[in-house]
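Heads up, the chain below is alone and in the form predicted on its own; it's given as structure tokens.
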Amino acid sequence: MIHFSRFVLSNGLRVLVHEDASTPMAVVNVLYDVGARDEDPSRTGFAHLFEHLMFGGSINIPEYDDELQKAGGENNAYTTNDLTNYYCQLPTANIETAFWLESDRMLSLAFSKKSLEVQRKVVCEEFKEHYINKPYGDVWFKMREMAYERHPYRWMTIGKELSHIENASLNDVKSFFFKHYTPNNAILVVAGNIVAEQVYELSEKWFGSIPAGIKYERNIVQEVSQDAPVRMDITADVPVDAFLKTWHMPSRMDPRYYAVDLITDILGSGASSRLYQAMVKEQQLFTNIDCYHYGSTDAGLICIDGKLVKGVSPEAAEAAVNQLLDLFKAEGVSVSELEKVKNKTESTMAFEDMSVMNRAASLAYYELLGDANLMNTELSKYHEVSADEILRESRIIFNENNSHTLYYRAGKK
């Protein structure tokens, strides 16, 4: 059981406190309810750009990292299609430094052409290194465009096109900041060797006077039900052929999510999974193969993804995968196999909860989903999944009309 307390400041900032006297450290986690799905289709990559810009200095603090390091702290951040999360860890005795740093950059960044140019260059280099020049780097650009016609999940967090970041103006950046980086669009979690009363006082002192801003109302167009398969066959300068296939799945808050999550474990988690045993060890069609999902806030994707053994065609690989899925849809899962993946899920969740930093991030995420206490109750939802539910969900999801198939063949461009 993860204990926490919760209060909301008058400007709308939600604050959660998790007390843990066993550590001399404290974690300050600030989650902003903004991700790539909130971007203008003609100005993508901004949420990720801000992951970098937020370290470019604020009104009273030119160098975030320097001040945190003086206090013995360390930090990082990440961006997804749904959210942006900033976190730092430092000795509890110095925790007010974290409040000072985080509140100052929420109040207002020190927008400057120099900072924008520096971070723009960093992001553009990341775009080129990981998504343009890297083998298979464009796979998910192509897959997302196949899978989503309407929803902004159709572009990556790095952005749809390099030019969107290259051409971002200071005014564009300021508009994005004042729209999304406000107290009423953020969740502050403080965890570690600290008490709730102290967190309340520090929160009021450092964040209480920041204007709430205008509440951002999200209005995202959702995908309509797909009624035909989508396919793409491309050739690129890569070492070996690759095969990627996705299917639409329920959102993270849909009760069906838990059965789908367990299906990915049954099929593709580890060397004992069905796909690895059949495709890698027995039939030797793939050198590696995984099954995973994007359990996103809006409806996501489940994916089977692998590199082929040289000489094996994508057509043969797909036929073998489909045969395995047909068997799964016909026979379902045994009680013992289902129990095994449930036990693995329980073990994974327990291991994640060992770190106070993970606990802080999880509390922020579940609060974003609407109920921070899900952190304590979600395991029971996995245990309630039956073999019949696994069978039913596999038949709904692994429908060819719900699929997107990508053959990524190796060859010179």
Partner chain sequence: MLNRKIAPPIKDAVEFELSLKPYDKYVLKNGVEVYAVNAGAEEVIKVEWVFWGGNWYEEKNMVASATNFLLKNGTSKKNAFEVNEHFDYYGASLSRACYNETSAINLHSLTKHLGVLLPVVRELLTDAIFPDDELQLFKQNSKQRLEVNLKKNDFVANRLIDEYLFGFDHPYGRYSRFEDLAALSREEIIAFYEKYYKKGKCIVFVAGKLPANLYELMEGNFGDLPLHATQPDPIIHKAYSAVEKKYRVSNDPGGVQGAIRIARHFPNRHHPDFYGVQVLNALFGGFFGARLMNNIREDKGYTYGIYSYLQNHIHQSAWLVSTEAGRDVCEATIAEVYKEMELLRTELVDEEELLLVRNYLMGTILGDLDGPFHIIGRWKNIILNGLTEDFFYQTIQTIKHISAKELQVLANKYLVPEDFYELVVV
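Numbering follows the first chain given and starts at 1. Keep in mind the model is a prediction, meaning the values are calculated, not measured.
The form predicted together with the partner chain exists for this protein as well; it is not shown, and the discussion that follows is about that form.
Three-residue candidate spot D66, K114 and V240; every residue lies within 4.5 angstroms of the partner chain in the model of the complex by at least one non-hydrogen atom. Just one of S225, S169, Q284, Q222 comes within 4.5 Å of the partner chain in the model of the complex, counting any heavy atom, and that one is Q284. Residue in contact with the partner chain in the model of the complex (any heavy atom within 4.5 Å), chosen from D40, D353, E384, D371: D353. In the model of the complex, the partner chain sits beyond 4.5 Å of every heavy atom of P255. Contact annotation: D82 falls outside 4.5 Å of the partner chain in the model of the complex, judged by heavy atom distances. Heavy atoms of E129 reach within 4.5 Å of the partner chain in the model of the complex, making it an interface residue. The partner chain is not drawn, but in the model of the complex it has no heavy atom within 4.5 Å of A299. Exactly one of the stretches 145-153, 181-189, 244-252, 207-215 approaches the partner chain in the model of the complex with heavy atoms within 4.5 Å, and it is 207-215. Taking a 4.5 Å heavy atom cutoff to the partner chain in the model of the complex, the contacting residues in 327-358 are S336, E339, K340, N343, K344, E346, S347, A350, F351, D353, M354, V356.
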